[in-house]
Structure formats: structure tokens, C-alpha cells
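A single chain comes next, written as C-alpha cells; it is the form predicted alone.
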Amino acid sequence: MSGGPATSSPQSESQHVDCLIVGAGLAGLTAARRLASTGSRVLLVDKAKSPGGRLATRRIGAARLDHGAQFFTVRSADFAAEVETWVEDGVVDVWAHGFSDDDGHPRYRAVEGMSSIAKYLAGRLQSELLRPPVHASRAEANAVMAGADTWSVTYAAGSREPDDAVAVILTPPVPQCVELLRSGVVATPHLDDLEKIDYHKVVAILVTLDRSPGLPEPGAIQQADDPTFTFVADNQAKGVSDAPAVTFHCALELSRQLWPLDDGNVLAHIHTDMRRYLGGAAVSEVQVKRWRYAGPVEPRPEPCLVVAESPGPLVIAGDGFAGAKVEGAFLSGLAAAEAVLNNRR
């Protein structure tokens, strides 16, 4: 696998760049790479320690568990070309062609867990396209403000000094983007519509075991209409973990009910249902993960949205647009970069 994580510590010196991108998930990384390939100086900031967003993987002892996106499919030519490179570089491969029946569509897994895709892309961004720094970690943006000639992005106290940019791309969940715009008093007619975009909450349960749970091939069960768990996967059978480790995604209505409960009550509520999938294996450790913005209830149909053109393009992209899946995030990031480039021509 080529490349590595391109992260840097928060810096006190502000920067002036061609485009500042908030959010180092797949949409942000894709936009950054596209813009950097044209010679644009890009700064990618994220409040997390490492890139990834919903490309999320967690270690529990010897186990490695994907707890956000579990796999992805490919439909478009642009994404197919990108994924071909990922396959050639050993980042991803085909996991299965379905979870109950073979429907002919490959489901791809990341060889070292889904977060490794983001680390690989960040590494390519830094090593191939730009001089560092390209990714400022633990920099929590709290406002986007319009100046005379540039945008200014400010951050939570102590995380980073303000940066200036000709263009800005925002890729966090849409409600967080709206907060950034309102905090900076950005005037745009799109705010009311953006505020209507709501997100599903999902509760994930991460479990390590003393032996394989014996889930049916390919080591996962997908059941969209199940009232308890919509997806159950053994990460060892999937090939990303050295130890048996199961990820449960709770159904949307159940997640809504469990959301306000503490972890102990969540586990008590789902304990009996969870045991049905473990094949008698003993639980070594269990953790609860909450996804506040798991995916939009009704994403906007366009891949991104230009919310302002002065003092430069201000674009919102990510999973609130063109679908919440991995491919949708990639296409949204690509479209956001093109929107910035088109605005400059």
C-alpha cells in the first residue's frame, strides 16, 4: 500500500491559500486532490486527529472493527477509475457480491479497515501533489466569514489561528455547515433550505469474541427491514481483523429509541437479540458507538451546492448531496472541486 497519513499538528501561523476545505473525509480528500492536481494551494482542516470521517475503523485489543461505512459499491465511471487505482495499490479488494444472494455487484472492503482509505488518500495528497502542510488535524472550525477579497475561517479557541482562502469547501454534515455560515453571518438564500436537511442517528455495537461467531458467508448479514439490526459483520471473516470482532448497526427506529440511554441501558436493551448472532461465542469486550449524523434523511439531488460566489466560491459538499454512500461522497467532493475551478475561469 502506497502513501501514509498526511497529518500535522495544529499550527499557530495562519495561512493564505487558494482553497480551504473543512472536513477530511472522503469528500474533502477528493476535492483537495482534484484542486491540488491543477496547481492550487489547498489546506485541509479537520477537528479529528486523523482523516476519515465515516470511513471509520477502531481497534479493540487485537481486533480491528469497521464501525461506520462497512463496504462500498461502484456505479459511475469516475469512481470506477479511482477504485481501480485503490485496488492496484492494495488498499481495497472485493469482499463479496451480495450478502444473501449473488447479485453480481462487487462489494469492496478496505484491506486494513475503511479508515485506511482516507489515510492512503491523505498520504498521496502530501507525497505526490503538495508541499506540507496539507492537512491540519485537531483544528475545529467555528465560523466562515467574508472579507473584502477572501474568506476567513476561524477555529475553536486554541486549536488554530484563522486562515484566509480565495475559496472554501465545507464537507461536514449539513447542520454543522449551517452553523459555520450563521456564526460567520454569511448571507445566502440557501440557508433556509439547508436547515431542512435532517440526518438519521445510528447506534453501532462493537463486540470482540473468544472465537468466530460463525456468521454465514461472506461473514455478514444485511437486512434492511429488520427491526433490530440492519447489518451484522464479523470483521475477522471480512479480512480486516486478526481476532473475531462483530459490528452491529442498529435499525433506525431502534437507534432513535436507544439514543438518549446510557451505554449500560443500551446494551441491556439489545443483549438478547445480539446473542442470537454470536453462535455461543463468549464476549470479551463490547463498546457502543453513536453516529449523530449517520446519513441524510433526504439528500439534495445535486452533488454539491455553491452558496456564495463573493469574495470567492463557497461550496457545500458531502453526504447531504448526491447520496450518503461512499461513492456519493467521492462524487460530491469531485463536483465541489469543479465548482471552484469553474468559478475562477
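These figures come from a predicted structure and were not determined experimentally. In this text, residue numbers run from 1 along the sequence as written.
What comes next is about the form predicted together with a small molecule, which is not displayed.
Checked against the small molecule in the predicted complex, the residues D164, E140, D226, D273 give one hit for a heavy atom within 4.5 Å, which is E140.
Picking from 182-190, 140-148, 119-127, 83-91 the stretch near the small molecule in the predicted complex, with a 4.5 Å limit on heavy atoms, gives 140-148.
Though the partner is left out of this view, R64 does not reach within 4.5 Å of the small molecule in the predicted complex, counting heavy atoms only. For W291, a non-hydrogen atom is located within 4.5 Å of the small molecule in the predicted complex, even though that partner is not displayed. When contacts are judged by a 4.5 Å heavy atom cut-off, R300 does not count as touching the small molecule in the predicted complex. When the small molecule is considered in the predicted complex, P244 lies well away from it, no heavy atom lying within 4.5 Å.
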